[in-house]
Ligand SMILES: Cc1cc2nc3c(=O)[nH]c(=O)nc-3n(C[C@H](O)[C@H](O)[C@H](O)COP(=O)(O)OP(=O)(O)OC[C@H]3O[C@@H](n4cnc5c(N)ncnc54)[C@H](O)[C@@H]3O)c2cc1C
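As structure tokens, one chain now follows by itself in the form predicted alone.
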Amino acid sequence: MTQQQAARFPLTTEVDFVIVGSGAAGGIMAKELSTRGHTVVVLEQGPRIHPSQFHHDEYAYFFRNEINTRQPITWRQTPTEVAKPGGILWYAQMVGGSSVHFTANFWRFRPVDFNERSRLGAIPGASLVDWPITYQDLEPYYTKVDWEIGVSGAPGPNDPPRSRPYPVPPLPVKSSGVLFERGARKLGFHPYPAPMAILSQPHNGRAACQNCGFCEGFGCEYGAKSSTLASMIPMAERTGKCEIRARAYVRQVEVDARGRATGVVYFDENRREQRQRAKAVILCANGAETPRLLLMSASNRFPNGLANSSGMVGKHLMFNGASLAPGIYEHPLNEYKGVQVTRIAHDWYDSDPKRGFYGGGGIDARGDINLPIFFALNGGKPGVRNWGAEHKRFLEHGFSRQMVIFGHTTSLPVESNSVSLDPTLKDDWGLPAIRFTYRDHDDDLKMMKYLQDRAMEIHQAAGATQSWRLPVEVQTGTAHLLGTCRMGNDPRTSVIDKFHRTHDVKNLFLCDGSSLVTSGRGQPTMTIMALAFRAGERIAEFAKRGEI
């Protein structure tokens, strides 16, 4: 597929749908709607980068943010503080979004994720509620993700029900997987092959993984990583009804006197203001940019922000928790090759009252960011200086022998954790910067520590010569942006209904991490994609019936 074959719509043309964002949800939405005959324009704030342009430059990707966002942000823990510039926001800003640079762990949510409020009751300090849909409602779309996006794997113990097997087998096990499996089994746990959105065999005309080792934080030049850039966007463009418009930075959703969305206003690559008119607007900009855009679209009719009559836009921000325990082993593991993760264990998935706190999660083993510069700066034990002869000896011995056991955990929805507009800091276009207000619930911190304890036990059982903990503390950065426009049946407490239509504006839909009601156990992208397949199908049905 060449770009020249894709549709190009004049700015004067009203299309059926304008989609803001081309990542995990936006790319799928474009494919689902265009293949059903609708005209679609996708506006993406970042550039379009051809896979042949991806390269293995750690400095460019991790230290110069070549594909990562450079948006200014401010950060604070509580609403009473003045937010200060800082914090880490990690999402890719390009066609395909963060599906291009993600690690590609692809866990389904389980049935227990959708009804925790009913099963567990209220959690003090949190706004835990049930989803308006069930796992059974979403299962057919998880299967679509498996087969259309491309997921490698094999069923694990206590996996949720699935209607089809994985399309391709698991990726080859790495040293970290062998050691993790050995240690976990000694302790009575149940490790199994990690489901990954990276192809172990050719599938849907795409190549299999070449084990170059540049997955986390990088784009895949082989197309083996199942980004929407590799899987969905080419299909959408082949219809001749979808235009992907890169370097288009949306600043406002426009609404007419009847309260209907009419299109969006954006800055093009030359910083000229443009308009794209559409019969319906779909925001898939991620869990920070979508609420930001709604808040920036305030008007006389919607003084608190568009689709915000509930006051819930931007609230209930969830990150997922993470705890890390590195270990050094006797022999080289060479974790810098191959995919990040080949084995996981989910023995702690459901919340267990016996622990004394809410929470659940899973553990994997990986090299983590096993890159030379990053390892030299961050590979050692906390508090040990990262220079001098002793540090050089550590690097020489440890670089090829280290693996990290990574705990992925729940985040509770807390109303004060939020995305809002910073009152003073502006971006390069003069628009309000994103302000994060975030403090992990105490139960979330306890769950992180709990899984870190299990990680240390596994290191010991697997024969690590050294292992240590990285501090578990209130998070000041994230790659997961969840829950900020959550789904629900009640317009007073939620932003969108179970079909992703905003309660306030009939022809405005939202679908991305902001739609989530609970956080899952640390790997939300597969669920975001399943939601997008489901939403795309339903929105097309609404359009066919004249209900938009």
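Remember, predicted model here, so these are calculated numbers, not experimental data. Heads up: residue numbers just count along the shown sequence, starting at 1.
Unshown form predicted in complex with the ligand; subsequent notes refer to it.
- Proximity to the ligand in the predicted complex, defined as a heavy atom within 4.5 Å, singles out one entry of Thr437, Gln402, Thr342, Thr103, which is Thr103.
- Listed residues Leu371, Ala280, Ala83, Leu293 were compared with the ligand in the predicted complex; Leu293 is the one with a heavy atom within 4.5 Å.
- The closest non-hydrogen atom of Trp75 lies beyond 4.5 Å of the ligand in the predicted complex.
- In the predicted complex, the ligand sits within 4.5 Å of a heavy atom of Ala248.
- The closest heavy atom approach of Ile496 to the ligand in the predicted complex falls outside 4.5 Å.
- The closest non-hydrogen atom of Ala92 lies within 4.5 Å of the ligand in the predicted complex.
- Against the ligand in the predicted complex, the set Arg117, Asp350 and Thr484 makes no contact: no member has a heavy atom within 4.5 Å.
- The stretch among 484-492, 43-51, 29-37, 498-506 whose residues place heavy atoms within 4.5 Å of the ligand in the predicted complex is 43-51.
- In the predicted complex, the residues of 502-517 lying within 4.5 Å of the ligand by at least one heavy atom are, in order, Asp512, Gly513.
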